[in-house]
Structure formats: C-alpha cells, structure tokens
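Below sits a lone chain in structure tokens, taken as the form predicted on its own.
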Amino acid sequence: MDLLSVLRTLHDVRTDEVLLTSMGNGREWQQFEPHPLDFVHVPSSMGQTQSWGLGIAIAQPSRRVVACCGDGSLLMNLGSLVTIANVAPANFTLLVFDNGVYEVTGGQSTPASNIDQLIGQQIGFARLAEECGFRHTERITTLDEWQRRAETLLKSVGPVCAVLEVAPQTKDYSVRSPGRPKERVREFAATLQESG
C-alpha cells in the first residue's frame, strides 16, 4: 500500500481522536489539514510515540488516542507492547506502518526484514502484540481492506494494534519537523487540557 493513501483514509475517518504521528508517517501527515488534536512527534521520536500515546490514554481515559509508528520505530521499543498490554487502555489504538526499512535514515533493512530473507518468514508485529496481551490485533495488506476496517479499528475497545503493510518511500524520505518543538508541545498540552 502507498503510505499517503493509507494516511488519507485515516484522515477521512478520524473524528475527535488524539492522533500522534512520527518520523515518515509524520512527514506525510503534514500534507493534510491540521486538527487541534494532532501532534507530529518530530524530531527525535523513533521508538517513543507509542509510549507517549499510552501516557495520554492513561491521563485522559475518556478520549481515544491513536499512536502511529513505523516498524523500525517499534523495533526500537518492543517493550512498549508489553507495557501497553499490561495497562490495557480501552481507549488506545496503535497503528504500525510496516515497510521493512529504517526509511528516514536512508532505507536500511530492519532486522525484521532480514529475518524474512533468512528464514522466509516475516516477524509478525500483530502476533507479537497479541502475545503481549493486546485485546485486538490484525495485519492489513490492501488499501480496500484498510478502507473497510479503519473506522472500526479507531472505535474498537483497546488496546488495539493494526499493522499496515506499506511500501517504503524511495525519494524525499527525510523527516520534516513542523517547527518549534517546545511551543508545539505547550500548545498541544493546553488543547488537551481545555478540551478534555
């Protein structure tokens, strides 16, 4: 699947959820009309966004939180799956964009994709999340399937982990920050407090 098409579907079905993006998906998310409950977790977000999303889900249990990360970012913090499942926030969805590479650092293959080449079997991030104790997990490989499932996955009782198989970006893959990190964090926190 094309990442931008996947994100466009997410943008179309999203309502009032807190939505955290990072790295490559954060770069592409910035092409859409911003929402007050969006936060592009850039710079320095590899491996952190799902844990940050968990903190928001705990602090605001009446609000749905959607954390978006890449497979490379998830590999940097696999322990977060156990932590999320242990807390078991009903209001939490993790979307993992799996392209098999560390895209923003130059497209190097991840260890998970190397295992696929060695033994002919992919690391199943959805299966890992299920084994850790996520309430609902699934892997999605086609845009049609994602378009059918997206809204449900944002509304299902969590924790939910959906792994979306996407193609890596081959041009202009660097991360783009929306600027002023400290100010953006303060503004985002104020929005959460005001609307929570």
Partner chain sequence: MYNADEFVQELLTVGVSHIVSVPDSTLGEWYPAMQQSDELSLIQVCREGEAWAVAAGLHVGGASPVVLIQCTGLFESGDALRNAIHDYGLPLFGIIGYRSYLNQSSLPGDTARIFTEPILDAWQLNTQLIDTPEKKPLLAEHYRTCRTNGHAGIALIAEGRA
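None of these values were measured; they are calculated from a predicted model. Positions refer to the first chain, counted from 1.
This protein has a second form, the form predicted in complex with its partner chain, left out of what is shown; the following refers to that one.
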item	value
Heavy atom within 4.5 Å of its partner chain in the predicted complex - residue from 141, 48, 30, 156	48
Listed residue that, although its partner chain is not shown, lies within 4.5 Å of it in the predicted complex (heavy atoms), from 75, 87, 90, 126	87
Every residue of 39, 60 and 181 near its partner chain in the predicted complex, heavy atom within 4.5 Å	yes
Listed range touching its partner chain, judged in the predicted complex by heavy atoms within 4.5 Å, from 158-166, 66-74, 142-150, 51-59	51-59
Its partner chain contact at residue 192 in the predicted complex, heavy atom, 4.5 Å	yes
Partner contact for residue 80 in the predicted complex: its partner chain, 4.5 angstroms, heavy atom	yes
